[in-house]
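Two forms of the same protein chain are encoded below as structure tokens; each is given separately, as structure 1 and structure 2.
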Structure 1
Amino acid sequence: MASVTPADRPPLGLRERKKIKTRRAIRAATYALIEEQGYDATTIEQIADRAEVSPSTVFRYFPTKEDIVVTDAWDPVIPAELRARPRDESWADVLRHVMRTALDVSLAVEPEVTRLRSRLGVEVPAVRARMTESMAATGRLLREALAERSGLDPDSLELRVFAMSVMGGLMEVSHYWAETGHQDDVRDLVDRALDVLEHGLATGKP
């Protein structure tokens, strides 16, 4: 796998270190408050108070409240992995590996947050919307990757439709996982979803 470190280490000034700490504090405060009170009842002011920064600062770090929940330092992992997979691998296998890597990392580093996030994706429309946006962004990356592999035009309707349909299917996995109380191993669910996306529905009457 390419790089599984969220940011590059090298010479990290005090300024940068503080920024990372502040960002972390805001996210932690947000998750704690949401667990306690729910998403809607949690205001930016409360988040700022608990993180010991001003409301302005919260908005300086995250453009919207949803972004605090949805985005994290691991987001660049998916694109990197996407590019790193061998050329001759089928698109389904590429996604299988990429998704597994991303999920392994996420579940290992912050398992509760991973679950909370998928739950909020079901329960809070605004969060779901934000997730859909980043899914669409990933879809565009997938499109590039698929274009390279297939030789098709990345801007063709066909490739666009295909990529977004795959991402739509994967999004549904997250909702299913949350709605069934996180009983299953998400990675198994992803595998099953990719089987459907690759081979179509097994209707029982072929």
Structure 2
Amino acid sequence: MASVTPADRPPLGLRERKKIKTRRAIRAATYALIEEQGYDATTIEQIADRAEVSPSTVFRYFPTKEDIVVTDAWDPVIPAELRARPRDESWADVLRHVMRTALDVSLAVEPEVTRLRSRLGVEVPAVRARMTESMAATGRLLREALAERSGLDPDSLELRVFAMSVMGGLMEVSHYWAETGHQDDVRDLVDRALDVLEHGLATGKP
């Protein structure tokens, strides 16, 4: 089965396009303000003013300021990409392909924002806590998609452990990438993390 691409998806209606435009404006305003004055100094009122919407509109799209930073447009797309991969492909190769595809787009479309999000996850406790909470929701989406491929019960202990191990590994990749000054290619770091999950931890002994 071919990978799902934007061209394969049905065109969005006017209402949905307006929602996407508003969401993007809010996110862009938030990141610009954070770059200018820092996370703590940035208020919802300032974000609304910069995005040319009302504060209530901001809250309608994002319940908290942390959600603006944490919410990733790729979260719901990744499970769809997982489902589109060939059935005989190994889970490790599936995840490598899907994550590399998502990161290719993120780094091409908004490289500075991608780096800033990872840095805020390290530097701002509230953002880091929200990322941890969000990880559980994304993990559920992941295990549902993996359950369809494996035939396992999505609520089984094995699939829960596996999905959350993947999510935890990806979060640590993000933190490591930020803590090391974004020196490495994050896609290579994801490959390294998946290698650990696939093959186990090397002992470092000859």
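Remember, it's a predicted structure, so these values are computed and weren't measured experimentally. For the two forms, the rigid core is made up of the largest set of C-alpha atoms that agree within 1.5 Å on superposition. Residue positions are counted from 1 along structure 1's sequence.
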**Request:** Eyeball the pair and call it: which is the form predicted on its own?
**Result:** 2
**Message:** After core superposition, I'd like to know whether E148 moves between structures 1 and 2 (criterion: C-alpha shift of 2 angstroms or more).
**Reply:** yes
**Request:** Classify H182 as shifted (yes) or not shifted (no) between structures 1 and 2, where shifted means its C-alpha moves by 2 Å or more with the rigid core superposed.
**Result:** no
**Per-residue C-alpha change between structures 1 and 2, A25, threshold 2 Å, rigid core fit** = yes
